[in-house]
Structure formats: C-alpha cells, structure tokens
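Here you get one chain, nothing else, as structure tokens; it is the form predicted alone.
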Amino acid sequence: MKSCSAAAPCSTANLGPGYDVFGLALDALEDKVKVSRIYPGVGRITIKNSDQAIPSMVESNSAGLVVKKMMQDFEISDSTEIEITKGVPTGYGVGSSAASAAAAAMAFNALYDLKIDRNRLVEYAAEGEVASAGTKHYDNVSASLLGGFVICRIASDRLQFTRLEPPKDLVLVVVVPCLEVPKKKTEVARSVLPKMVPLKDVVHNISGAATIVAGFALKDVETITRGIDDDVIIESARKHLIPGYDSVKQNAISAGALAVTISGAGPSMIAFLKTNKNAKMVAAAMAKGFKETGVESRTFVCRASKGARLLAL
C-alpha cells in the first residue's frame, strides 16, 4: 500500500455580490484527506470518516466523487481507500465539502504523480460539490486549493481561475451558529434565490463586485469592504434563513467591523476588519446577536489561507 495525504482550508464564497464567482480561503479550520492505493485491486473505493455524519457512500461523499472521476479519467483500476479527518463543520457555509474535495484532489494527484496543474485540479475538486449542492460550482473549491482570493471565470469553452493575494492587514471574524441545517443545505439556499431580478440591481451588484476586485488588487481593505456592502440580490433573499441575521450584522458593525455578509450559503456569517484590534469585540458582538434569538455559536478570528498543501506521512 502507498499513501499520500493533503490538507485544505475552509473558505467563504460570494463575499456579497460575487455570487458563484468569488472565493476566499480562510486559515481558521481545515480538512485532512489520506488517499491510499491498494493493489492489486478492482477499482473499488472505500471511505473512512472521522465524522459519522459524513456519508461513506462514494456517490454522496465529496472526496469520493473526486477520486472516482480522477480514476475514470486516468483509467486507474487500483482499489483506493480514502480516509477523511474533518475539521470544517458540515453544512454551515464555510466550504466543508470543498475542503474535503480539494484535499482529495491534491492527495490523489500526488499519489499517482499525475502532474495535473492546479487549475485543472480545481475542476476535479468541483466534482465533489455535486454531493452537497447538486451541481458543480467552483468558488469554494478554487479558494481551498489555490488559497487567497480567487475569481472564477466560467466561459462556455473553458474555466479560468485568477488568484489575488489578500492584503496582509485583512482580518476575518467567522461566526458559526449551532443550528440544525437541512440535508443538501446549499441546494436549499439556492432554491430561495430569485429567478428574475431588475436590471438596476444587476448593475448595482456588478459595481460592488468590481469594487471588491479592485480592493484586492490594490491591497486596500476599506475598498474591499465597500464592495461587499453592495449586494442587493443574494443576501436579501437568504437572510430569512438565518435567525438573528439583522442583530448579528448590526452588532458587528457597531463593534468595529467594516462589512458583514453571509458566508457562502450560510448560516455562518463573516465580518471583515482592517487589523485585529477590534476582532475579539466583533466576535463577541456577533455571538451575542445569535444568542438574542436563542442560538449558541462558535467564533473564529482568522486571516486568509495559502491554500491546500501536501502532508508528510
């Protein structure tokens, strides 16, 4: 038996107006995936999880779907064992399925020395999102794999991922509420989005998204946060899914946050700050906002992550 292991960080997607386009890797939590080849084999994939809530069936497991697709494309017939150690909470909008998928793609690539470039690895990692979202999407997995701030360009003929290094003084506060979330929560969160939106709202969101990109390019936290506040489409449609949303957001701003938004599909929320001077105060204020509605929460103060990495065995 030969094995390779990789770790991939949690992430936040959208950043307000950048729906399905922006991803940001976070150094708060990570998943670890060990992929082992068992030979001679018959192409069987088995999955071992540290979290009993994670499906062990390949078709329902983000890491399993990634490995299955890579085995098919490279005509690998060995049997494979996938061991997942979860650090990212599942179903809370911080890229749990993406972290497992990204780590699996990196570990499998190294195990078979496939020499797949990182952009193509993102495409494989996106296969894992089918397990949680019902469809492939690239924002969280691109951030987990590539690290930093990533822009996903999805054209008809190809995918393109542009990575920008975040400002060194960007600090994030993530609050994860202890709520019971539905199965395939991302699919549920997508279902409440409007099918048609006014042109003026589209223009407003494009303006905000462009401002965010400019902020990352200029390494200017204040510009980034001005753009985050410009979402008038996604957040307004989803906020009713999060008990205490208004209190959490207002509390964070009052405590010194420059911007607050839903992390991915929620229910976690994320605040953006320049330096960590007020970070603990913001975290406590956001937790208080959830508690006012009877919901306990966990808070994390973090910065941007460098992305997935191989682990020494």
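Just so it is clear, the structure is predicted and the values come from calculations on it, not from any experiment. Numbers follow the displayed sequence, beginning with 1.
Quick note: we don't show the form predicted together with a small molecule, though the next part is all about it.
Asks: Among A257, M269, A265, V67, which has any heavy atom within 4.5 Å of the small molecule in the predicted complex?
Replies: The option sitting close enough to the partner is A265.
Asks: Indicate whether the small molecule has at least one heavy atom within 4.5 Å of a heavy atom of R163 in the predicted complex.
Replies: Heavy-atom contact with the small molecule at 4.5 Å: absent for R163.
Asks: Just checking whether Y19 would be counted as a contact of the small molecule in the predicted complex - the rule being heavy atoms within 4.5 angstroms.
Replies: Taking the distances in the predicted complex, the answer for Y19 is yes, it comes within 4.5 Å of the small molecule.
Asks: Any chance N109 has a heavy atom within 4.5 Å of the small molecule in the predicted complex?
Replies: Contact with the small molecule, no.
Asks: Would L24 sit within 4.5 Å of the small molecule in the predicted complex, counting heavy atoms only?
Replies: Taking the distances in the predicted complex, the answer for L24 is no, it never comes within 4.5 Å of the small molecule.
Asks: Only one of these stretches, 68 to 76, 164 to 172, 139 to 147, 117 to 125, has heavy atoms within 4.5 Å of the small molecule in the predicted complex; which one is it?
Replies: Result for this chain: 139 to 147.
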